[in-house]
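Encoded as structure tokens, the following chain is the form predicted alone, with no partner shown.
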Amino acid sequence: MQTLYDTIVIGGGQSALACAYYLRREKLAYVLLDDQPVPGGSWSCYWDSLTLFSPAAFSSLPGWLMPESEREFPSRDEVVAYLTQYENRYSIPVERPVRVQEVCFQEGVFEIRTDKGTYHSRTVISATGSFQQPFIPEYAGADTFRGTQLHSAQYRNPEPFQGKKVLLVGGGNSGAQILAEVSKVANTKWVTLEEVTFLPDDVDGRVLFDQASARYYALQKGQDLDATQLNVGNIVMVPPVKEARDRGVLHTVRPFVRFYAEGVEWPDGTKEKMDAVIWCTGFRNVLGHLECLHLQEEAGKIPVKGTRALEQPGLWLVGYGSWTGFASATLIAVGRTARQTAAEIRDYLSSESKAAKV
């Protein structure tokens, strides 16, 4: 007989683990299906020198604080170690590597079809995030460029760019941090849609989270928030970025218009040779496994109330960003939406059982 789970969580990263913590407390029968060969979600795939913006205590999942780091902010490897230990600490049932191909709904039961067979569940939590769908904007002539192109998802360290001329594209924190280290070994130029703004040196993830929380609660109460109390800027001044500023390399230019074989052409018609382009242009939500459910999708989002899918009973989406809960793509905040999701699943399963007895 094949197991019928109360819920199946698709994913094995921070959002999936937070959900598992609360599903465990609700005493539900569940399993995580993780397509990665080892714990840690997408964290082990990020570049080598990546660090968090906040101290460990402000970067923790529910139930257990991340161990203190020897440095100001925990490293990528420390996050991976924490997620691995978290999984073991709570004996979270994970099957890996299992790649979910599609999720269908047949006669009141979800069929989760994978490369390791079909699983069955009464409910599903999709917690696949976005890392596996990097976004690169379209540019004329991109296929003619003979240099190297890679997304930040594939970037590991600056060594391959030693002595080269490198274009970095993207105005977020990944662009600033990768520029900071590549500029030590290469001739770099930083392209952003508009001029970036830098946060004060004393502002890190703790302050940003507190401000985002204040904004969230003010909106919930229908109140206006005094904008003068908020820091204006989008780049967090972590130590490597501060060092890059001191070297005078944190300058941006507006986008080029097209590629040619040896480089890029700027709006004034000037051509400039480039050896490589690193795209720090973000990601899109990984939702292809839900296509069998025929849900509406607009701008990469499925209609939800909180984390519950409006068009498919028994389906929840956790950790995809603000549209699935306040700051839900962060370590510190995903616990809030995970707790609510587990409670809703408990109530849903209870109501379904009562209805079946009538």
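All residue numbers refer to positions in the sequence shown, first residue = 1. Quantities reported herein were computed from a predicted structural model and do not represent experimental measurements.
Missing here is the form predicted together with a small molecule; even so, the following discussion is about that form.
For the candidate set 120, 99, 89, 284, a heavy atom within 4.5 Å of the small molecule in the predicted complex is found for exactly one residue, namely 99. The small molecule in the predicted complex is approached by residue 329, whose closest heavy atom lies within 4.5 angstroms of it. Put simply, residue 33 is close to the small molecule in the predicted complex: some heavy atom of it is within 4.5 Å.
Among residues of the shown chain, residue 15 is one whose heavy atoms approach the small molecule to within 4.5 Å in the predicted complex. Contact check for residue 41: a non-hydrogen atom falls within 4.5 Å of the small molecule in the predicted complex.
Exactly one of the stretches 186-194, 130-138, 163-171, 272-280 approaches the small molecule in the predicted complex with heavy atoms within 4.5 Å, and it is 130-138.
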